[in-house]
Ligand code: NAD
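Quick setup: one chain, the form predicted on its own, written in structure tokens, and binding and motion questions come after.
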């Protein structure tokens, strides 16, 4: 579908035309609007920093209008049968697949993510809606807990209007991931996409309307976190907040949500270790290490940004890494040959380069990369980078860089590997490469990590729980875990017969 670079550029330009010329609007109560003031901001192309689109800049008035619409729509939507909600979601899944080419091209153009990693974006998003469409049928089902005197049952009901705040790295798929279970549960939503990648959020809302989602159930407000984002998290109509992004922002949102005792679900940062032992299948481990840090331009919460490598194989493995890293194809995201594209924004480019400089000054050995790519000087391109001989206390081994930067630390034995792996404030994902299954089981249980993969890259099913420990977040997504965010569990007890009630005050 996307094997010709020139055709990809042409098709992307055609897809973008519908969002150019006028500001990309909000979607509130079933209608497009640029807001009360008509303010806008520029959304830049990460390839060359030219203006890709202008975007309506929302704030408190637009958020209030969206929350009001979501509140009114919730009154009917929560009582819509699970079968009907599921039918709408299945139609939406079909429309996503029908529009897959535009979705993928717009996502790549807006984020700078290479086509090779985005080609399943629409398919994965559609699968999410179909999966939760099936869940919607018996979404309220609970347990029967009878006693001699009472019939006790549990049921679930939607929590109310929900704030969905998504990041800029894979915005379409993550929006689908968050919104699908909310709709299945019977919640209405106000979606604030990241200001760096707003385009596909509007397209998804348009497809939802075409699929039959009632007006007001699905709302989108563009804008900045300190304006639209804060107005959304503190709005009294919002009963739950799901957020994907930086840990520092998650802390701010948690403080804002506390004033209204709102339920929160956070998927936050990571500094994930990949542990490679000398008995591992080193060729497969090498493939996984490269994929997990350099795919998605290193802008991936589950990326393996720390390589923990056993000393006995460190030199051999790192030499092989360097050769492969030097062969990584850096280029335009719409070029099917590209393996590493540009970072999302100039500010993020500066952040990544700053961390690289810190690594140099701290004494880590820069083996390859560490600089902007000269032939793409107008864009946000950083050469794939490897530090070796790092220490766990260094910022390049502690802080989430969120770019194509791999930091290698050597270890001698299992206990030292475990100590280094757990020596961060984060705890999202971990990867273990070893032929020793006893070792793998021992380490997996002791890693302070919400997810562990053994002899595997990041592969998960829609049923599996996704989430982290420590400052990597709270709560889990995937399967039935998703409804912990969007639904309240209710206990109902019905007496059987005239059981004895203790009498007082006679």
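What you are looking at is a predicted structure, and each value in this text was computed from that prediction instead of being measured. Numbering follows the first chain given and starts at 1.
Keep in mind that the form predicted in complex with nicotinamide-adenine-dinucleotide (NAD) is missing from the display, and what follows is about it.
Between 167-175, 209-217, 326-334, 308-316, the stretch whose residues reach within 4.5 angstroms of nicotinamide-adenine-dinucleotide (NAD) in the predicted bound form through a non-hydrogen atom is 167-175. The candidate spot formed by 82, 136 and 186 is out of contact with nicotinamide-adenine-dinucleotide (NAD) in the predicted bound form: none of the three has a heavy atom within 4.5 Å. Among residues of the shown chain, residue 397 is not one whose heavy atoms approach nicotinamide-adenine-dinucleotide (NAD) to within 4.5 Å in the predicted bound form. Residue contact with nicotinamide-adenine-dinucleotide (NAD) in the predicted bound form: residue 453 places no heavy atom within 4.5 Å of it. Proximity of residue 195 to nicotinamide-adenine-dinucleotide (NAD) in the predicted bound form falls within the 4.5 Å heavy atom cutoff. nicotinamide-adenine-dinucleotide (NAD) in the predicted bound form is not approached by residue 110, whose heavy atoms all lie more than 4.5 angstroms from it.
Checking 277, 387, 402, 431 for any heavy atom within 4.5 Å of nicotinamide-adenine-dinucleotide (NAD) in the predicted bound form turns up a single hit: 402. Scanning 256, 424, 99, 338 against nicotinamide-adenine-dinucleotide (NAD) in the predicted bound form with a 4.5 Å heavy atom cut-off leaves one residue, 256. The single residue of 436-467 lying near nicotinamide-adenine-dinucleotide (NAD) in the predicted bound form is 466, the criterion being any heavy atom within 4.5 Å.
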